[in-house]
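In structure tokens, the next block holds one chain alone, the form predicted alone.
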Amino acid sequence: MPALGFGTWQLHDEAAADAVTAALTAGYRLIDTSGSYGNVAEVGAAVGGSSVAREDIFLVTKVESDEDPVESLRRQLGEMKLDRVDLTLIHWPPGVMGSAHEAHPADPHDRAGVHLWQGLIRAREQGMTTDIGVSNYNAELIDVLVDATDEVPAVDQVEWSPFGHSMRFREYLRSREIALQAYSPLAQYHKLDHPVLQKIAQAHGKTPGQVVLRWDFQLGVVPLPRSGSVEHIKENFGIFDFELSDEEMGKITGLNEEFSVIADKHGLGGLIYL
């Protein structure tokens, strides 16, 4: 899995296709979408029409808690005009936020979505996805899935930024050999003017956003920045030609205040994996 990805949430129609094309041109090889984003056809068209070979692109999508994973993935692949994706995630645990159509899981005792996980295992067996994982899951829910199926998720994709993260949870994922993908890694640009980030960025001749993404990279976290601007897409990829010191890494980590963009928007009460 590439160390840096490109997110497509809130990108629609031609803008989504253009952004994915720009990202692939800039060097990104991990593209993240979801059946709920309303852009899988455009993402698929950009991936399928790219001069970058399909086998060099790591394509991620998601299924919702009120869907049959096999049917959802089959539909998405049809819209993408592709025969497989590289990774499919359960987007939300049932009953947390899930989808616009269902506020609670079909089985109130299946908070982890074991039935969804079993569906993703079937989808993988049918060759529609190479790997499977989860998104927005905490340690307890992951343990339920593993105990029920002996199948460990390849990835947990969660909200993660210098201002909202848990190193303890990162260590839990490492102990399970689960990769951590970070959505909203720049906190949707809310706090990039922080003096600590500004000072470190100035010292390296980089932007605060590049410093944050480099912090992720050095932690072994896979960030998924999203932008519709070609300039910002290129800028966000420019993190591989400098290195943060241990002191700088510590200062950035120390900015944590358990801030969550998603929780604030949806009234979830904070980072859900804590």
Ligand SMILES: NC(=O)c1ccc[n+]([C@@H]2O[C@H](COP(=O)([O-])OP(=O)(O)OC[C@H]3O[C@@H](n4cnc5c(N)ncnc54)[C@H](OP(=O)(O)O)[C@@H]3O)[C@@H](O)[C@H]2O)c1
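Each residue number is its position in the shown sequence, starting from 1. Because the structure is predicted, anything quoted here is derived from the model rather than measured.
Although not depicted, the form predicted in complex with the ligand is the subject of the following passage.
Student: Between the options Ile142, Leu186, Ile200, Leu120, which residue brings a heavy atom to within 4.5 Å of the ligand in the model of the complex?
Tutor: Selected residue: Leu186.
Student: Specify the contacting stretch among 110 to 118, 163 to 171, 177 to 185, 124 to 132, defined as having any heavy atom within 4.5 Å of the ligand in the model of the complex.
Tutor: Stretch with heavy atoms near the partner: 177 to 185.
Student: Would His232 sit within 4.5 Å of the ligand in the model of the complex, counting heavy atoms only?
Tutor: Although the ligand is absent here, His232 would touch it in the model of the complex, with heavy atoms inside 4.5 Å.
Student: Is Lys206 a contact residue for the ligand in the model of the complex, using a 4.5 Å heavy atom cut-off?
Tutor: The answer is no: Lys206 has no heavy atom within 4.5 Å of the ligand.
Student: For Gly44, is any heavy atom within 4.5 Å of the ligand in the model of the complex, or not?
Tutor: Although the ligand is absent here, Gly44 would stay clear of it in the model of the complex, with no heavy atoms inside 4.5 Å.
Student: Using a 4.5 Å heavy atom cut-off, state whether Thr61 contacts the ligand in the model of the complex.
Tutor: Looking in the model of the complex, residue contacts with the ligand do not include Thr61, since no heavy atom lies within 4.5 Å.
Student: Taking a heavy atom within 4.5 Å as contact, would all three of Tyr37, Ser227 and Asn236 count as contacting the ligand in the model of the complex?
Tutor: Every listed residue reaches the ligand in the model of the complex, so yes.
Student: Any residue of 1 to 28 with a heavy atom within 4.5 Å of the ligand in the model of the complex counts; write them all down in order.
Tutor: Those in contact are Gly7, Thr8, Trp9.
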